[in-house]
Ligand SMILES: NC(=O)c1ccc[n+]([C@@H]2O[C@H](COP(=O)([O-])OP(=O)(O)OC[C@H]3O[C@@H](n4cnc5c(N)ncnc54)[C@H](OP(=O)(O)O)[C@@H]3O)[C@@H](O)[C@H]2O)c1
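Take a look at this one chain, the form predicted alone, written out in C-alpha cells.
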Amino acid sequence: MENFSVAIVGGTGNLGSALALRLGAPGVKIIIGSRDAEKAKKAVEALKPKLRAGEMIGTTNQEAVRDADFVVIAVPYEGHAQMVQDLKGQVAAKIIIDTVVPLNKGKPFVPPAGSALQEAQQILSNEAPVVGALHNISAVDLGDVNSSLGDVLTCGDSNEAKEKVMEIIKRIGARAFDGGPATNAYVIEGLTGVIISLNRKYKSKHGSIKIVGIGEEPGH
C-alpha cells in the first residue's frame, strides 16, 4: 500500500489521537472524526505540530468515513453499538478496524454478541469486513513516536482484511500477528483488563504484550 486514508471515529480521545500521530507518513491522509466537527478541528490543530508527515484534517464522523479506505473505531464501549449503527450504509468497500474493549470501571466483560468485534459484525452484516486490533497497546507509547510498542494481535474473519491491517500496524512500528477468527476477539479484548490491572499494580502506563517463540531467530 502506498497512498491511503484512515478515518478515526472517536479520534479526539487518547487512543485515536495517539494513533493519528503514529500514522503520520508521506501519502497517508488521517481524518479525525467526531460528532462535533469543531471538536475534531481543534484536536487536529493540537496534533498537527507533532505530525511527522502526511495530511491530517478534522470533521464529522460521517464525513470522515466517506473519504476513507480504513475506518478505525476508537470510542468507549458505551458508545460502540450506536457508532457502528451510525456508520451502517456508509462503509461498503472499506475495512473497519475495531479497537474497542468492553470495560466496566476498568474491568472486562463479555457483551451479549460475544465481543465488541462480533457486535460490530452483527450490526454491519456483510457490508464491510471488521478486524479487531490495537486493544492492548499503550496509548502513552503510541502517542510518542519515539517509543517502542508492544505486539498487536489482530482477529477477524477476512484474511485479506487482516493482512492489510497488519501492514498498517507494521508501518506504525509494531509487530503484528494474526490472532485468528472473530470468535477469538473476546480473549484479545479482555487482555486489556489484565494490562490495566498490571499498570495499576506496578504504577505504570506502558503495559503491553509481547509474543515469544514466533517469528524469532533461534537463540534470540
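One rule holds for the numbers: they count along the sequence shown, beginning at 1. This structure is a prediction, so every number in the text was calculated from the model and none was measured.
Same protein, other form: the form predicted together with the named molecule, not shown, and the subject of what follows.
Asker: Just to confirm the contact call: exactly one of 87 to 95, 136 to 144, 105 to 113, 118 to 126 touches the named molecule in the predicted complex at a 4.5 Å heavy atom cutoff, so which is it?
Answerer: Heavy atoms within 4.5 Å of the named molecule in the predicted complex occur in 136 to 144.
Asker: Look at the candidate spot formed by G24, K29 and K41 and say whether the named molecule comes within 4.5 Å of a heavy atom in all three of them in the predicted complex.
Answerer: No, the whole trio is out of contact, none within 4.5 Å by any heavy atom.
Asker: R35 versus the named molecule, in the predicted complex: is there a non-hydrogen atom within 4.5 Å?
Answerer: Judged by the heavy-atom cut-off of 4.5 Å, R35 is in contact with the named molecule in the predicted complex.
Asker: Does N14 reach the named molecule in the predicted complex, with heavy atoms at most 4.5 Å apart?
Answerer: The answer is yes: N14 has a heavy atom within 4.5 Å of the named molecule.
Asker: With the partner left out here, check for me: in the predicted complex, does some heavy atom of V71 sit within 4.5 Å of the named molecule?
Answerer: It does not: once the named molecule is placed as it appears in the predicted complex, V71 has no heavy atom within 4.5 Å of it.
Asker: Taking the named molecule as it sits in the predicted complex, is M83 in contact with it (heavy atom to heavy atom, 4.5 Å or less)?
Answerer: Answer yes; at least one heavy atom of M83 falls within 4.5 Å of the named molecule in the predicted complex.
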